[in-house]
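Heads up, the chain below is alone and in the form predicted on its own; it's given as structure tokens.
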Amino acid sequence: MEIEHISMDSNPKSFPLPVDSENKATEFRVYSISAPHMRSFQLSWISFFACFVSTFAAPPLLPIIRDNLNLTSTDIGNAGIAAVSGAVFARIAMGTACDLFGPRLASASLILLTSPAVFCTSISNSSASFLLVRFFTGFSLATFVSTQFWMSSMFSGNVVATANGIAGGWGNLGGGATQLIMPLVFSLIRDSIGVTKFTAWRISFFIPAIFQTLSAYAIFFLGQDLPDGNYKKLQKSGEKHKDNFQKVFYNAISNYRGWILALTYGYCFGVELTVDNIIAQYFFDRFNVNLHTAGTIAASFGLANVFSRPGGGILSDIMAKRFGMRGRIWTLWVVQTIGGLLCILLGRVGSLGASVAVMLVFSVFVQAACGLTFGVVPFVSRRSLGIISGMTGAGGNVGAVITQLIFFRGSRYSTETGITLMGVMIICCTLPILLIYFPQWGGMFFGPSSKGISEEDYYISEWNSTEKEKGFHQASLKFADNSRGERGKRIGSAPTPPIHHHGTPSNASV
């Protein structure tokens, strides 16, 4: 049954799902493909899944590729770093593009631009060319930002963490699925066509390349930026104000909460990327298992994303209903810290069975922390959501690069020692979460500000007086009203201020 949103418009819009005052869905129906909300969800996670498959298609075939290209351990380490470093700046750029042009066009464009690099992997003939194709393929991981931005634009605060968690988790699933897909594709090509193993691995890369390309066209032709339509059409009709890049960018980088989340995300998602790069070779070399077994074990780490990251998002929304934003922050810190302890344990166990068991439990916690992070991100800024999402996502890649440079490049540390030290870094770099504080809701140790700052005060402080006079802040007012659920049931927050006839709270400074 269609739900009609009642508004002041002369032509109210109708949607298959119930919506709030911004026309964001207040329910999440995972098996639905209804437009625009659930169709956007399905397109976003499938395309992100395709990009993950492409980026991590090489690691499960590394024992073959390294023999063909005569790669050293340093070459392999450098290529792994290149695969995740390319997306550092790409994620920030993607956040900016989403803010200015919309997630549909930004995502489809990047996916198409990086597809040639996946095709070109098949003609790599040296360590340098292998590094380059992995570097440029890795840019596609920036589609994570458009995925999270898209979900935050389509779903209301009460289900936004669930939507972000499932979309991100099922997309990340590609990192595990490719550990199964690529060895299987390799074997089928080698056995059915009768080519050598050094030819079969090259042909195998056409499969992820074609998948990625098709996903870009699906987004472009079937997707929609916002519940009300695409950016270009809404800006042309005057329904959406075309924002100023400098102001959006400054607003994002001046919000310290975004920087803390970028750092801590480097040690949940960044660790996940690192493990995707090293885990198959780790089990292959340390426990002398065959290529297929190593790939299957490694796949189980990434495949946990089918429920672990979504579980983190769902848990974030559940905690927010009872404890508000403070519940989201506390849960993120606890889960990520436990993940660090499990990582330390993973590097210290010496039997195959124990290592697999610890790895599986570790995967649940580290991936759930990713979902919990993006339960907080949508509330950091309304105006600069894209760049805040991009900064946080880029932080994940920076964490992966730094971790691999320090612990998994060359022979300074054994892989098991590197894993243990990585766990220590997780615990240390999670501590800054304690400093996150929202004046209207509070933080881990302190309640809301005694100054009576409200949701409206916080979000419209991103606009100057001239912009408010022109009414550009109206969307922020709607978002503020819809975010009152972050007060929780058991934790008090600021009172709702009186609204003047221009729609601006009486206390508009934070």
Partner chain sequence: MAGRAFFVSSLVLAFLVASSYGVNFSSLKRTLLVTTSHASGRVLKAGEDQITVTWAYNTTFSQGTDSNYKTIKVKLCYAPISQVDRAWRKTQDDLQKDKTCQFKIINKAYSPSNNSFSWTIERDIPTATYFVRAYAYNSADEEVAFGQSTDEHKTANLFQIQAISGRHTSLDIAAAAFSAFSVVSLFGFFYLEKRKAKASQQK
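These figures come from a predicted structure and were not determined experimentally. Residue numbers count along the first chain shown, from 1.
From this point on, the text means the form predicted in complex with the partner chain, which you will not see here.
Where does the partner chain sit in the predicted bound form: which of 231-239, 270-278, 375-383, 353-361, heavy atoms within 4.5 Å?
Selected range: 231-239.
Between Tyr250, Trp259, Phe220, Phe89, only one gets a heavy atom within 4.5 angstroms of the partner chain in the predicted bound form; which residue is that?
After the contact test, the surviving option is Phe220.
Just one of Ile181, Val401, Ile189, Leu71 has a heavy atom within 4.5 angstroms of the partner chain in the predicted bound form, so which one?
Going through each option in turn, the one that passes is Leu71.
Asp67, Ser109 and Ala216 - do all three of these have some heavy atom no more than 4.5 Å from the partner chain in the predicted bound form?
Yes, the whole candidate spot contacts the partner chain.
Is Arg134 near the partner chain? Define near as a heavy atom within 4.5 Å, in the predicted bound form.
Close contact is absent here: in the predicted bound form, Arg134 is far from the partner chain, nothing within 4.5 Å, heavy atoms only.
Mark Ala177 yes when one of its heavy atoms lies within 4.5 Å of a heavy atom of the partner chain in the predicted bound form, and no otherwise.
Output for Ala177 is no: heavy atoms all beyond 4.5 Å of the partner chain.
Given that the partner chain is not shown alongside this chain, does Arg104 nevertheless sit within 4.5 Å of it in the predicted bound form, heavy atom to heavy atom?
Taking the distances in the predicted bound form, the answer for Arg104 is yes, it comes within 4.5 Å of the partner chain.
Contact between Ile123 and the partner chain in the predicted bound form at 4.5 Å, heavy atoms?
Although the partner chain is absent here, Ile123 would touch it in the predicted bound form, with heavy atoms inside 4.5 Å.
Going by heavy atoms, what in 26-41 lies within 4.5 angstroms of the partner chain in the predicted bound form?
Heavy-atom contacts to the partner chain in the predicted bound form: nothing from 26-41.
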